[in-house]
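The chain below stands alone and is given as structure tokens, in the form predicted alone.
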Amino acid sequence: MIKAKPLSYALGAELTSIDMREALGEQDIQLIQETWHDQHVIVLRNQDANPEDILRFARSFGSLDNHEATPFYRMEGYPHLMEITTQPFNGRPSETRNVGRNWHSDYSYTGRPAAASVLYCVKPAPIGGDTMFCNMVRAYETLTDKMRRIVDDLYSVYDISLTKGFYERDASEVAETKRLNPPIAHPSVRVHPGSGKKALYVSERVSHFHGMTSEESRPIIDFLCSHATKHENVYRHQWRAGDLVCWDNRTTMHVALTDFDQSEVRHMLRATIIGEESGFLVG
């Protein structure tokens, strides 16, 4: 029987008695989904999974993105898996060794932001390389009534070039990625389609609010990001080989920490559950 153990005050639960090599039954899927909606991040430990296992597990919870928004980092033969690694990739240094270095939710700069992400740890960094997650439902609920009314009316403009380290990547890939992902505005507060919960949707990759200048927007963006990432609203995951960490991008943000030696191997595989169509392009 699947059991859930809370991992922090703010969010996160470890699920036991799941073997990713086996197909999930309907009752198991329902129980996992309910826990996921409640805790926003779920963790499975000690898994011995291959690419097919990861994809089968992820598909139990929705349709998968084939990562066309960032097509350069897909695993060979598995377009629905992205390789996040410090190892050489396609015969040159990996462009994913520095991904996720500021607070964000995945694919927020696209017209169908990620509903959820499923990240499997093949090999963790020997020391460090943690990932932190914050609860954006709680971030919204702990705003004052007046601030909630303000953000309820805002649209966040997401700009892929605000991804930390973006311009350190291959120049031709940077140009193509920007072409594929022009700035796009999404509601700054989203209602989760499964749980009905309201969540703040503002990150460090927001350039401004639609209809406002950057100067007007910046103090609000900075406040909301600082508010969302307070220590009491964060779970910090320390990776082990065989970990599967799944997070809901509609109700969380996350950041990959740089506290590890990048000459050492750190290798992850990510499947992305595609979300609902949202937002409008900003010219």
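From a predicted model like this one, the values you see are computed outputs, not experimental measurements. Just count from 1 along the sequence shown to find any residue number.
Beyond what is shown, the protein has a form predicted in complex with a small molecule; the following relates to that form.
Peer 1: Would the small molecule in the model of the complex be within 4.5 angstroms of a non-hydrogen atom of every residue among 84, 104 and 270?
Peer 2: Every listed residue reaches the small molecule in the model of the complex, so yes.
Peer 1: Choose from 54 to 62, 214 to 222, 253 to 261, 24 to 32 the stretch whose residues reach within 4.5 Å of the small molecule in the model of the complex, heavy atoms counted.
Peer 2: Comparing against the small molecule in the model of the complex, the contact stretch is 253 to 261.
Peer 1: Taking 4.5 angstroms as the cut-off for heavy atoms, does residue 36 touch the small molecule in the model of the complex?
Peer 2: Heavy-atom contact with the small molecule at 4.5 Å: absent for residue 36.
Peer 1: Although the small molecule is absent from this view, report whether residue 131 comes within 4.5 Å of it in the model of the complex, heavy atoms only.
Peer 2: Answer yes; at least one heavy atom of residue 131 falls within 4.5 Å of the small molecule in the model of the complex.
Peer 1: State yes or no: in the model of the complex, is some non-hydrogen atom of residue 119 no more than 4.5 angstroms from a non-hydrogen atom of the small molecule?
Peer 2: Contact check for residue 119: yes, within 4.5 Å of the small molecule in the model of the complex.
Peer 1: So in the model of the complex, does any heavy atom of residue 99 sit within 4.5 Å of the small molecule?
Peer 2: Within the cut-off, so yes.
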